[in-house]
Ligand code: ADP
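First, one chain by itself: the form predicted on its own, in structure tokens.
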Amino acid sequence: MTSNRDPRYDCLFEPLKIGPVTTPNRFYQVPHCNGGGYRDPTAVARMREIKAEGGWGVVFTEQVEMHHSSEISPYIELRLWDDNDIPMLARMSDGIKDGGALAGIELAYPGINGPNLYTREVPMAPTALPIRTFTNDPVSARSMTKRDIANLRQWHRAAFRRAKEAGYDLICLYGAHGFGVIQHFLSTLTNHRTDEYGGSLENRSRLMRELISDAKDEVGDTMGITLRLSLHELVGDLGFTNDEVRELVGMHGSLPDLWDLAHGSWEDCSGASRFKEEAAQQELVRGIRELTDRPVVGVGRFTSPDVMVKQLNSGVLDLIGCARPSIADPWLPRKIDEGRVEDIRECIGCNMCITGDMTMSLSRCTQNPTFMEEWRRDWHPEIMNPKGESDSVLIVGAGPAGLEATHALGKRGYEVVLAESSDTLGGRVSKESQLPGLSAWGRVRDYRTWQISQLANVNVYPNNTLTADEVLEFGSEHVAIATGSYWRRDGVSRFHVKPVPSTGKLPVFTPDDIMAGEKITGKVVVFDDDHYYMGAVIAEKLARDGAEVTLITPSAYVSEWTLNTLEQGFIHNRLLEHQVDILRNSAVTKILDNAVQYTDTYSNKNTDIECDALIMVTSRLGDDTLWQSLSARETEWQDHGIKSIQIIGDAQSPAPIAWATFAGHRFARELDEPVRDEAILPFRRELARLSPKNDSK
């Protein structure tokens, strides 16, 4: 790899010792989950390998459960319970090191965060308390005895040896985000002990000191030992505070080989761009570097190399920690080194990647549709498969699906024409990025339009609404219909599968109207049966514009699905800040002359609420009119030299933006590939190895 980087960024590429090992640069992919874990180990390994290939100097696993007595089922994380788990972890470390990076493993003992739904072991914690999980599992942990603590140390020793055998260079002891036993001992929220492991900070840090000492005794001559801590738990009078973090580092500054610092809760640490700016944790970290002679890494959704350089040159950090930016662009460091900063695929902070872990499925990325498909489908984030036998493709619609298809096909070498009916590229992302807090959504458009502009074999024609006749006569061998979707006005979604009864007198609007500039004042009801971000964003915008807003949702939560993006609490608070009235477990059931009737979803009690307008944020319909016209004329395709016409993205099936970019990329990847038998699985998967039928062990 030849360097052509701007000298301003030289500091990002300086080596740094972490205990007995040295990272080639300052790019540090911190541990992050991905929904694959023990179920999809090769997919996860290939994903990490490509990051190393892309220039990340350190690449970590996700949290790895290091003992069977503490696990977080139903979430699918890696495990290192016994020697049988070593091969899958070794496959990952081998790939990472083949790519030129240091391989790191994060060992976690979830403790009070581990309900043990799979192992059925009784959970253990510093103090007997109910398990602290996302789903409030009705399980309690028992207080650890001195023997339990001694056992815990021995279990860690075994995990350290296994991590070394698996080929890792770095071990991270996980004590952050409420997910690790070290944090549970450090925090007065979860540690109420009165023995030598409780009370003073010196006592509460005893287990931390013991585990680091044990790690160095076992493997410290060959592996770096890092410690991941929360910067601030933000839980009032109790908890592990930022002041205590500083005191702890001052007391034990030389104990680990590296301090890995992250915000208290996962929600705060991985805050969505709507609520957290780049480098949002800077003030919590500033000054800690002066308390230790060991390097410090921190996170902050870093996407700008200039911001990264500032973190290093100002002495805030020694290494740039990234999770989400490394997902959006696994080759981010390489692009900086090659002088291609404009080619960085910047994270938009939508947290779609986190939903893969939260839903126990594979993660997705809105910006990088190849994420977690690197092995499953052989999709590389930067390298496309060669062009097939055809030459020309027409893409109708320049939303996220159309832009991604155009970019990817252009890279494959096809002659591509992109026709867009409006004068603006980007489709829904251009409209949504104008809403409160969603400006980063525009990066989906900006990255792709820039890349397309650099391709001589791609032509873009805005203000071109094509008819079926024009598509047939256009002369392209393949056509993709990516005409997007529109919001329903009749209220049909989950609660209602038929239109909501209406007198026809009350004005009813949709998000499309608001994004088109419709001004609405007075008393407004927003009915949200979509349950993602849109209902709350529309309510916030209307409130900002001076309307008196009531949001009604059938769910027990505002924007319920954003529990999976870690935004739900922030969204609810934002609405309260803007004095939006919230009615949960309720649904609009009738539209009256100057009011709506809503029903309590449990009691079926009806109530009228006066309003001047109703906004339906319920569901979307694919804009498939052009597709239907062309489909009805399939017998004519061959006569016009057309080999295929496909409908993709929201036009086919409305979904989050990440689904649209995936659809566009898949269309581009599979064009001219051998016709696939629909009965055959279109991706690789790994199957569990069956134990002998009569094996009783």
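Because the structure is predicted, anything quoted here is derived from the model rather than measured. Residue indices: 1-based, along the sequence shown.
If you look for the form predicted together with adenosine-5'-diphosphate, you will not find it shown, but the lines that follow are about it.
Q: Which residue, 305, 554, 356, 426, is the contact with adenosine-5'-diphosphate in the predicted bound form, using a 4.5 Å heavy atom cutoff?
A: Of the candidates 305, 554, 356, 426, 426 is the one lying within 4.5 Å of adenosine-5'-diphosphate in the predicted bound form.
Q: Give me the residue from 108, 482, 163, 539 that has a heavy atom within 4.5 Å of adenosine-5'-diphosphate in the predicted bound form.
A: Checking each option against adenosine-5'-diphosphate in the predicted bound form, the one that comes within 4.5 Å is 482.
Q: So if I measure heavy atom distances to adenosine-5'-diphosphate in the predicted bound form, which of the stretches 87 to 95, 585 to 593, 391 to 399, 100 to 108 falls within 4.5 Å?
A: Residues of 391 to 399 come within 4.5 Å of the partner.
Q: Within a 4.5 Å heavy atom cut-off, is residue 59 in contact with adenosine-5'-diphosphate in the predicted bound form?
A: Heavy-atom contact with adenosine-5'-diphosphate at 4.5 Å: absent for residue 59.
Q: Applying a 4.5 Å heavy atom distance criterion, does residue 465 contact adenosine-5'-diphosphate in the predicted bound form?
A: Flag for residue 465 set to yes.
Q: Residue 169: heavy atom within 4.5 Å of adenosine-5'-diphosphate in the predicted bound form?
A: Outside the cut-off, so no.
Q: Heavy atoms within 4.5 Å of adenosine-5'-diphosphate in the predicted bound form: does residue 420 have any?
A: Because a heavy atom of residue 420 falls inside 4.5 Å of adenosine-5'-diphosphate in the predicted bound form, the answer is yes.
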